[in-house]
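Below you will find one chain, with nothing else, as structure tokens; this is the form predicted alone, and questions on how it binds or moves follow later.
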């Protein structure tokens, strides 16, 4: 294992169709489109994207994924990482600003609060994609699809190990509560195999 690194990644433009999808829109009339664009504009300068990551050796034995410092049992993750000798474990956050907007508008305008939830989700997903793309490009490697705790049979409890290794609270300001919820809420942890 190498040490923990921290990076900030340039985010692409907001994908409006993804925001609409996360907000539950199949289509939007002119009024809804104006509201969506208004929320995107209001949130445009509040994101502080940060990623903490480490490269870990990985050995797969049946359903056990052994990362040296810890191991997890997950048939789905083992299948995802099959053929990889190393994996990147990372935590990414879009920052606390979007949580503040979501909370403020949950009282003032629940419909805008839903849109800010959707924008936050789109931003953290875009951050994860941008980080993986940049990592692969900078190192000249190909990556497998990222895989997060809570997906398929990978226990959400795996986040405890990720937080321990990456020191997320100190490195990027993300904490994990007893219910395994992250704060800021628009944060993601994941494994991604190096092909």
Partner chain sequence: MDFREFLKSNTVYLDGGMGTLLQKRGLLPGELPERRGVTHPEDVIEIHREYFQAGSNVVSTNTFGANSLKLDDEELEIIIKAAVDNARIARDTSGTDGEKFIALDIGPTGRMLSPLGDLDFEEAVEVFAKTVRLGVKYGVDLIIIETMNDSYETKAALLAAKENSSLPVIVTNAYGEDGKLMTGATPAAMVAMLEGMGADAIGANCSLGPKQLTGVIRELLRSASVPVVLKPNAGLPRYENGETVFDVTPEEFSSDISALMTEGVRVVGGCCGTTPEYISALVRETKNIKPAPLSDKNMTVVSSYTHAVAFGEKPVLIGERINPTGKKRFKQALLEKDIDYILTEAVNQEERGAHVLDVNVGLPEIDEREMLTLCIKELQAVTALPLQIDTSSPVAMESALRRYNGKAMVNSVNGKAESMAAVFPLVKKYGGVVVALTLDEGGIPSTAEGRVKIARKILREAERYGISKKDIIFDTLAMTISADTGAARVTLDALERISRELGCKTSLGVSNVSFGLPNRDTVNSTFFALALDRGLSCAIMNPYSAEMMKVYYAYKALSGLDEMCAEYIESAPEFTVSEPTVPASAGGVAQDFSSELQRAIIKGFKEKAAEITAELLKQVKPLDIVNGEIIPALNTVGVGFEKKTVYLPQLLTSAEAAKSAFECIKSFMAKDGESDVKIGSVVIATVHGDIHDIGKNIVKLLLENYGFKVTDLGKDVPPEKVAEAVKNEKAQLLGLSALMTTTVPAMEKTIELVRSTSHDCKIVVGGAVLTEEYAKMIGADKYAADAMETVRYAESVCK
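What you see is a predicted model, and the numbers here were worked out from it, not measured in a lab. Residue numbers count along the first chain shown, from 1.
Another form, the form predicted together with the partner chain, is not on view; read the next lines as being about it.
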Counting only non-hydrogen atoms, the one stretch of 60-68, 124-132, 141-149, 161-169 within 4.5 angstroms of the partner chain in the predicted complex is 161-169
Contact test in the predicted complex: residue 27 vs the partner chain, heavy atoms, 4.5 Å: yes
Does residue 89 reach the partner chain in the predicted complex, with heavy atoms at most 4.5 Å apart? no
Query - the partner chain contact in the predicted complex: residue 75, any heavy atom under 4.5 Å - result: no
In the predicted complex, does residue 83 come within 4.5 Å of the partner chain, counting heavy atoms only? no
Contact check, 43-58 vs the partner chain in the predicted complex, heavy atom within 4.5 Å, ordered by sequence, gives 50
